[in-house]
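In structure tokens, one chain follows: the form predicted alone.
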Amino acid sequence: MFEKNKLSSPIAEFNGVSFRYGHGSEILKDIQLTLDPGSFHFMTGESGAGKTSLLGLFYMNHLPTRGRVRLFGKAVDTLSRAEKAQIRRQIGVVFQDYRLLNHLNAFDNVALPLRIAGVKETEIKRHVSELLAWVGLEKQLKAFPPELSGGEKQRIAIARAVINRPQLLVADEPTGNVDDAMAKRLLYLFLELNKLGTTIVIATHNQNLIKHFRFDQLHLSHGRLERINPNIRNNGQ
């Protein structure tokens, strides 16, 4: 379904990054983080811990209040609009609120990134149909978002985010509206991408997924980030 990505330098680097909205208190405090190519992380933390805000820094929805973020080796605060657009084409994003286009059917929502990239329609038809079948929506190709359930919209949003094989995928609660069986199926889709080189960060509260897949965790608490390797026991055993 996908071809392998090949990168060697860090995908993302956060150096002393803090963030606040307007004049409010800091939501993120002194974040130090490096994401290597091909790494896979769950982002965890209580509601309000800053997960969505941190994800927003990964796809340049906002800039840090203090510190510096580098994506694909480039400091985001120095980029021109054209350079930001070029980097965003390498990033797939799954939003909590889906952000589907209601005037486009399921097929066309997923096909949109490929059409923007100038991919041939014959290739678009093959890849989009295959991916929608993977997420269990092969019978809803022509359905429009208002006709679909929350879980179906979520799966379309995921398919759209991964269809162009991004170098970085960030997802905000991508399995929040599907059952456990579909949640695992979607995680295996992310795993396939990851095996081919995509760096993945998934914000989730789903403890079943966290326990089953046991990837490193980026855990946020009171605005501070801690990296947790679930395969290393705290007692040293």
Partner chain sequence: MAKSSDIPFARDSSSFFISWISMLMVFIATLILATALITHDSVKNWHKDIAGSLTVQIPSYDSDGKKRGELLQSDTETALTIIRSADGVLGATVLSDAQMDSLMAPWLGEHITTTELPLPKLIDVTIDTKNLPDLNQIKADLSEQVPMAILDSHRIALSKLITLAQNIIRLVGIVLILILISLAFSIMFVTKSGLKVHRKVISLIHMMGASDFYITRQFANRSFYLTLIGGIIGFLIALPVMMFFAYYLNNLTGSFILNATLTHEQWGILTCIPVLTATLSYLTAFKTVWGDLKRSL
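Numbering follows the first chain given and starts at 1. In this text the structure is predicted, and so the values were computed from the model without any measurement.
Below, we turn to the form predicted together with the partner chain, even though it does not appear here.
The three marked residues, Lys29, Thr34 and Phe40, fail to reach the partner chain in the model of the complex, with no heavy atom of any inside 4.5 Å. Contact annotation for Arg126: none of its heavy atoms lies within 4.5 Å of the partner chain in the model of the complex. With a 4.5 Å cutoff on heavy atoms, Gln167 does not count as touching the partner chain in the model of the complex; it lies far away.
Although the partner is absent here, Lys74 lies well away from the partner chain in the model of the complex, with no heavy atom inside 4.5 Å. Proximity of Met60 to the partner chain in the model of the complex falls within the 4.5 Å heavy atom cutoff. Note on the partner interface in the model of the complex: the residue among Ala133, Leu101, Leu79, Val119 having a heavy atom within 4.5 angstroms of the partner chain is Leu101. Residues from 82-119 that approach the partner chain in the model of the complex with a non-hydrogen atom closer than or equal to 4.5 Å are Lys84, Ala85, Arg88, Arg89, Phe95, Arg99, Leu101, Asn102, His103, Leu104, Asn105, Phe107, Asp108, Leu112, Pro113, Arg115, Ile116, in the order they occur in the chain.
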